[in-house]
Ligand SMILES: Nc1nc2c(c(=O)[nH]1)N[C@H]1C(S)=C(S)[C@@H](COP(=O)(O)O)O[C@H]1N2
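In the form predicted alone, a lone chain appears below as structure tokens.
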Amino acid sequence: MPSPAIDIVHPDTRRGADRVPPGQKLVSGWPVLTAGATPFITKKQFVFTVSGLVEQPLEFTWEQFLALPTVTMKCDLHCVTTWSRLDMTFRGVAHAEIIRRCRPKPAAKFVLVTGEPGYSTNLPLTDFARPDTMFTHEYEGGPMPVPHGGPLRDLVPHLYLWKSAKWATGVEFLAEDKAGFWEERGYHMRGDPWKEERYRDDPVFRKDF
């Protein structure tokens, strides 16, 4: 299968020898880490919703989502469990395309991305709206593997990988920040791997998860 043409090269891939954040180790495979059982979402079951502080709420079936304009991106991934993998290629719908269609209201400053089974993770709108973020349904020219979040996974490669929600089902635009699944359990509210933002600074949260 020929390599797909790249529309976006994530900035971190241009760091040269300094591409691996502190505390990370390179791996050749793609580890599968899941908090619970792996859900299997059929094309008939798939529904993706855009809600909250938007001028135009949206809802997509699988066929409707696949019909949206797509981009291909090469990027590196960094997991909070300390592994990193370089030069991965994904195709999907840019966050910018979703933003263009839903038109967030001025009060919207954060988003909560949801996924199965009952997962969620929060992002500042400034992170979500970056041009190098997407909802991806293809990996290396094929469908997104189910263990890695298929049929649709969020992809925010400049933050730790738990911010890239697997089995994505929607996004809610919010005025205030709202902790998601792992953030409620002590993980950092933003998760910048270059700053090692792994866990909350709040002393009420343990840091040995």
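As the structure is a prediction and not an experimental result, all values here were calculated from the model. Numbering starts at 1 and runs along the sequence shown.
Not on display, but discussed next: the form predicted together with the ligand.
J.: Determine whether any heavy atom of Y139 comes within 4.5 Å of a heavy atom of the ligand in the predicted complex, and answer yes or no.
T.: Although the ligand is absent here, Y139 would stay clear of it in the predicted complex, with no heavy atoms inside 4.5 Å.
J.: Mark Y119 yes when one of its heavy atoms lies within 4.5 Å of a heavy atom of the ligand in the predicted complex, and no otherwise.
T.: Y119: yes, in contact with the ligand in the predicted complex.
J.: Is H158 part of the interface with the ligand in the predicted complex - any heavy atom within 4.5 Å?
T.: Contact with the ligand, no.
J.: Do P147 and the ligand come within 4.5 Å of each other in the predicted complex, heavy atoms counted?
T.: Judged by the heavy-atom cut-off of 4.5 Å, P147 is in contact with the ligand in the predicted complex.
J.: Out of 95 to 103, 123 to 131, 108 to 116, 68 to 76, where are the residues with a heavy atom within 4.5 Å of the ligand in the predicted complex?
T.: Going through the listed ranges, the match is 108 to 116.
J.: Any residue of 143 to 171 with a heavy atom within 4.5 Å of the ligand in the predicted complex counts; write them all down in order.
T.: The stretch touches the partner through P147, H148, R153, L161, W162, S164, A165, K166, W167.
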